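Form predicted alone, single chain, as structure tokens, below.
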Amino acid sequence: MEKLTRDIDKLGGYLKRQGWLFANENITAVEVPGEGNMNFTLRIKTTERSFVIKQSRDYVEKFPQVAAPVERAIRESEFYSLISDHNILKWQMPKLNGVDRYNHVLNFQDLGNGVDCTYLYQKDEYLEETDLQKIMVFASTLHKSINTDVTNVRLPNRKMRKLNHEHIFIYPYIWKNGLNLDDILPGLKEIGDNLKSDDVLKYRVQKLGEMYLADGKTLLHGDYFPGSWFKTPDDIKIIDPEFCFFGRPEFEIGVTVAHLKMSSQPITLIDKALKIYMDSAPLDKDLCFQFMAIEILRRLLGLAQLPLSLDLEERKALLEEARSILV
């Protein structure tokens, strides 16, 4: 496997070998297009155009000490193959221009100078209803359109699910996991310790984890949160489906609702999100809220921290709500 770098000469040679640069086309600039966590990602600017390449490696780019399945980029390309006949879904995602299976590299359309929606975690930032509509319609369209009733293709993505399972359902409840919650916010460790001592809670978490690992009927994006919603001046695009698998839609929508809550979106907007989805696709709301609770616990107590503006009391209230839903 060739490990890509920002070296323009080496990149140019690699891209020409892949047939991703025209004969007389030269790289003029290389940029990092955003604050990605999982992968090595670059925007390539040339004399003719720009595009984005993403390489998955056997570790998490932001946390090199965390091992990750090297083939996750290929799983993402399989998601694109599954939606290739669905124009509504294709239109709302960047175009996949090419796949280098040997080196685990994807070549994407450049969406331009947009930003992902993690700005919502900042105080007094709210999701526009037009954007909410597109986000929820994409999810409901995906879940309705691609499932085991209409395709024989299966996308188990077990290695990525195992990684996600560890960080969602196990790591936050380990006593000595190497994460000092007081370094995140003083006072958070005591709250976390109380939850780690709750055997009933941990049993419910375990059972939902087993449900997450079980194969389901519905194709999921797998990581449907503000970091995967890319806002351009004209539209919202959906990116980074590398955690995709066939599972329960309640997991997907539960994660989405959890992030709307953690970003302090109005309850009316959260209710609207659920209504938009349920107007066109079925959903077990109780199970959805249980997965919502799991995601809140994971994000507030686990390794994958968010740039939240919540103070200690607000986090405590969310954690208590999550516990009450589960036990």
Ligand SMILES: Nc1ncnc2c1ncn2[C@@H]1O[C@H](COP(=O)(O)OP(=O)(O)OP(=O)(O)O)[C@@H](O)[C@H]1O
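Since this is a predicted model, take the numbers as computed values, not measurements. For every residue, the number given is its place in the sequence shown, counted from 1.
Below: the form predicted together with this ligand, not depicted.
Contact annotation for F246: none of its heavy atoms lies within 4.5 Å of this ligand in the model of the complex. In the model of the complex, at least one heavy atom of V52 sits within 4.5 Å of a heavy atom of this ligand.
Contact annotation for E71: none of its heavy atoms lies within 4.5 Å of this ligand in the model of the complex. Heavy atoms of G98 never reach within 4.5 Å of this ligand in the model of the complex, leaving it off the interface. Note on the interface: of 291 to 299, 30 to 38, 272 to 280, 63 to 71, the segment with non-hydrogen atoms within 4.5 angstroms of this ligand in the model of the complex is 30 to 38. Contact annotation for the candidate site: H167, G209 and F251 all lie away from this ligand in the model of the complex (no heavy atom within 4.5 Å).
With the partner removed from view, the residue among Y121, F230, F138, Y173 that has a non-hydrogen atom within 4.5 Å of this ligand in the model of the complex turns out to be F230. Note on the partner interface in the model of the complex: the residue among I146, L163, L111, L201 having a heavy atom within 4.5 angstroms of this ligand is L111. In the model of the complex, the residues of 236 to 258 lying within 4.5 Å of this ligand by at least one heavy atom are, in order, I239, D240, E242.
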